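Heads up, the chain below is alone and in the form predicted alone; it's given as structure tokens.
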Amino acid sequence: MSNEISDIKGHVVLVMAPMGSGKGTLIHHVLQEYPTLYQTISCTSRAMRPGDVDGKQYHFVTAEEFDKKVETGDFLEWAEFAGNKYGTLKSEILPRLAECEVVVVEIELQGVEQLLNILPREHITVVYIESGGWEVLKGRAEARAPMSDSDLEARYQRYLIEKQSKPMADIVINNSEDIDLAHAEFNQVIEAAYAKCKS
């Protein structure tokens, strides 16, 4: 992989945040604003859910197929959550970085730690989406669908883990109140990434 890494000319924007922080909405916004921006599609061993489309939300594979990809070195990074495995395929990111493209990756803490140890740091911007704290996230979750106490507790424990990634961020965007300001700040991140590609 060393030769592939040495060919990097583009820039990676790693976006991490607690579940329910609105990071998906922010990413969707910049994808509309910047047509040449590319969001990677992760590979997962989890089962498809109603409404899922293979190659849209994820590249869906069996657990055995995922493990085979691990063995053959197809992943740039991968991690396991709640019994399911998720990973970023090299084919999703390295060819685009070689062509000086800007790539957005929605990612978890474990993935960020791995990529920071693999990719040149000057080609990475880590963004953390601030959600306004647990009470805000809890309210959003309960507004979407009824949740049991055990589900809320599991989500809270995940929030505590995800919050640990905030100190690793280069930029923190507050998405708890002013969505227009959050959009503008995320646009600035993407503009800076494109500027680094040109320099």
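Being a predicted model, the structure only gives us computed values, none of them experimental. Note that residue numbering follows the sequence shown and begins at 1.
FYI, the form predicted in complex with a small molecule isn't displayed, but the following is about it.
The small molecule is not shown here, and in the predicted complex it never comes within 4.5 Å of any heavy atom of His59. Put simply, Glu130 is far from the small molecule in the predicted complex: not one heavy atom of it is within 4.5 Å. Contact between Leu76 and the small molecule in the predicted complex is not found at the 4.5 Å heavy atom cutoff.
Residue contact check for Ser45: none of its heavy atoms lie within 4.5 Å of the small molecule in the predicted complex. The partner is absent here; in the predicted complex, the one residue of Ile107, Val103, Val126, Leu94 having a heavy atom within 4.5 Å of the small molecule is Ile107. Partner contact region in the predicted complex: 155-163, out of 24-32, 132-140, 168-176, 155-163, criterion any non-hydrogen atom within 4.5 Å of the small molecule.
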